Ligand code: ARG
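Take a look at this single chain in structure tokens; it is the form predicted alone.
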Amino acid sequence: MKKYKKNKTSSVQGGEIFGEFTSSFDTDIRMYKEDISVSIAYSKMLQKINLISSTESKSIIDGLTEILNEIQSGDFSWNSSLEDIHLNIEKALYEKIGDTAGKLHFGRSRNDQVATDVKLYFKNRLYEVRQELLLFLEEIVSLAEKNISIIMPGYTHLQKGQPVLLSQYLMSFFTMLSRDLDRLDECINNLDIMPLGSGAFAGVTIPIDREFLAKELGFGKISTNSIDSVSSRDHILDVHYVCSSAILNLSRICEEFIIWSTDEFDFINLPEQFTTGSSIMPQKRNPDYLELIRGKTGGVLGNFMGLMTTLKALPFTYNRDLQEDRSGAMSSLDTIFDSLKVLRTMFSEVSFNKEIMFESSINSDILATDFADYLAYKKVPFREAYGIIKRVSQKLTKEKKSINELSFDEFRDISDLFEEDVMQIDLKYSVEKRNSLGGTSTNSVQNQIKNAKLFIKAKSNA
């Protein structure tokens, strides 16, 4: 896009002060395609209801198409002193076709024009984010399938709790983010309500064909209250919520990988291009990309809070405060899109240290719950079995031993309910025993992967 120089001074037109402070130019320039699309559709509608001739409509559409081509080729001269892109495009259209350009605004306000532009822009941008999220979900499933049999310690409170399959862990990422995809789809559905035809806020006097406009612009529904159409921004709050939920989840995934990449864990090998060296410590490789996604989370959450604060006490209908409604959401969508792309690429190249994960699991009392369950199956009340194994575990910790190192005779010393089959309890036994729906057994995880692929296919075809 052609660069432009900002007008550093303010000018006065019709008593209103223009300049950088009142300008939405830097934000709205991203919506030029949508703004021109809305005007083209509106021109066609005016012709359809016989308020302009076919010749006038063609002149307007040809002029707008020419402007669109100039913008896309970088030949359009933007004038940031004109406050916003709508005035830029309107002025350029006047220069191309003369007074006929003025007929385009019969029955239309900048209020409903901008509200329509914004909805179209966010719908289009969300579809791009949606595609990137689908690709990331596919990569997660592929990584889980590739590492289906790796056993690792599972944690609560960052303390080892029970063994799980790495693939089960990865599929938890998928399940979490699949809900974000559902939220994103619902957000698109809420944006799919066309406000055009609401006028400034009270409706219009012309026999406007809103059904025709909705079809031309790809809206599935039409707004039913003109005041609400130009004054409400809950659809942008929905965009913020989608972004906030997604970035929180991505930040948690990043935190897991940051922890796993430390020397203390050493579970994961991050691709070198996603790490950076230290300026003074030559041995270090820092997980900067993961940390940056985690850090950018604050900005996305702040954007959400910013718009809620702007909206909380606005009177109906339009107020100039609403000019600030979209810049934060645009920024947040950029962050989500870029973060998904980074993580998708990283997931395609990351590898795991299978042996270290296994050793970290075995060198602990991570099987304690399985031994307590064993006694419970022998009709010992679970709380009593829990107490028995807890005391044994505490004693072994002092002796720097783990419970899985006990011999059969030592188990018999704990309780005569232990029989020789207790020696079958190991990491694989523990994992495969947890075959409940959603559990960590191989069969369960394979089912999760199967269902995930069906989910992705259904969403891809939606």
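When you see a residue number, it is the position in the sequence shown, counting from 1. This is a predicted model, so every value here is computed, not measured.
Below, we refer to the form predicted in complex with the ligand, which is not included among the displayed structures.
Put simply, Thr317 is far from the ligand in the predicted bound form: not one heavy atom of it is within 4.5 Å.
When contacts are judged by a 4.5 Å heavy atom cut-off, Lys119 does not count as touching the ligand in the predicted bound form. Using a 4.5 Å cutoff between non-hydrogen atoms, Val129 does not count as a contact of the ligand in the predicted bound form. Put simply, His86 is close to the ligand in the predicted bound form: some heavy atom of it is within 4.5 Å. Not one of Lys160, Ser364 and Ser393 comes within 4.5 Å of the ligand in the predicted bound form, counting any heavy atom. Look at 322 to 330, 242 to 250, 257 to 265, 336 to 344: in the predicted bound form, residues with non-hydrogen atoms within 4.5 angstroms of the ligand sit in 322 to 330.
Scanning Met152, Val114, Ala144, Ile293 against the ligand in the predicted bound form with a 4.5 Å heavy atom cut-off leaves one residue, Val114. In summary, among the residues Lys354, Arg110, Arg183, Lys284, the only one with a non-hydrogen atom within 4.5 Å of the ligand in the predicted bound form is Arg110.
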